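Consider the single chain below, provided in structure tokens and representing the form predicted on its own.
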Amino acid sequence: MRKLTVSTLALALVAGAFFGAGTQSAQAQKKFISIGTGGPTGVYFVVGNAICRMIHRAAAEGRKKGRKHGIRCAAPSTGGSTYNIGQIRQGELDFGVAQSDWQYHAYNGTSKFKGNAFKKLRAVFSVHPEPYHIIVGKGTGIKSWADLKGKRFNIGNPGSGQRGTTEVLMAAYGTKKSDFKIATELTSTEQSKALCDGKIDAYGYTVGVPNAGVSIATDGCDAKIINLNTGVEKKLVDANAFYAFATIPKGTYKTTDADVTTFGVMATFITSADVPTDVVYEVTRAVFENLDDFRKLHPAFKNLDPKLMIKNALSAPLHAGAVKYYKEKGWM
């Protein structure tokens, strides 16, 4: 069966883009790009800002040698996957991070995008595995999906990838919102505190491993991550190429005293066919020419392999700017 692997290194969250000093080269035309991410405690936020960091490093401003491509970059916190796709479609964002399943649905016009396919959606590369977590509060007695009935469960904010995956799982199990005592719509930034404060009993979260927000709950108030490895998940994985089983290894968090089996997706970096080829080329080049440094910016990036990043979990066509770079490298 397909399997995702995740790193067990201690979290070393490095967020925030580095803006190089110095003036812009007269030869370089200034371009400003925006990257949609996710909640500020999530890995998507790190992805976007890590990419910006590589772009600004490659700009070589104030130095005699370098690309001098003139690109400036910002990666603000956003609502997540489907929000980013929508904003790219409207031209409000140039790039974004999105779960592989929502990239598939957006391009093919399925699920939430039924009858509204985004055929200008373009893939750039995939990033890290993202297992779907169900984190349960200490003393709640929740050990499986079935135990969530009658509990206070955070299904995630509208527009987020975690909300989308939760709704897929609800449909697969035949679960309705009314089956929960309450179904909250908290963001990824709010949910761990709410769990530790006793305001909710559990929450669903699609995220790379390890994650600072998850550790707030597991290490801060003894919450645990439960297994999702029944026939329901197996059917989802078998029927959808963008899903795969994943293991959250023992020791990842304080309360992870055994391997946790669940399923998940991949984080992918996307754009639109309307974004110029030279811009996508320079962004792609900046990441891959500095991949060793990129890998150091979060434990989830440790095992990134460029030859897999250009094909794994990518449903939309690759942007021509990315293809140009990959062909130069001999990867295509």
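Predicted, not measured: the structure shown is a model, and the values here were computed from it. Quick note: we count residues from 1 along the sequence shown, nothing fancier.
Just so you know, the form predicted together with a small molecule exists too; it's not on screen, but the next bit is about it.
Colleague: Report whether the minimum heavy atom distance between V207 and the small molecule in the predicted bound form is within 4.5 Å.
Modeller: Although the small molecule is absent here, V207 would touch it in the predicted bound form, with heavy atoms inside 4.5 Å.
Colleague: Is G96 part of the interface with the small molecule in the predicted bound form - any heavy atom within 4.5 Å?
Modeller: Residue-level check for G96: no, no contact with the small molecule.
Colleague: If we define contact as a non-hydrogen atom of the residue within 4.5 angstroms of the partner, is G39 a contact of the small molecule in the predicted bound form?
Modeller: Yes - in the predicted bound form, heavy atoms of G39 and the small molecule come within 4.5 Å of each other.
Colleague: Decide whether G79 counts as a contact residue for the small molecule in the predicted bound form under a heavy atom distance cut-off of 4.5 Å.
Modeller: Yes, contact at 4.5 Å.
Colleague: Looking at Q103, S192, T252, S160 here, can you tell me which has any non-hydrogen atom within 4.5 angstroms of the small molecule in the predicted bound form?
Modeller: None of the others qualify; the residue that does is S160.
Colleague: Can you tell me which of 40-48, 276-284, 303-311, 289-297 lies within 4.5 Å of the small molecule in the predicted bound form, counting heavy atoms only?
Modeller: Correct option: 40-48.
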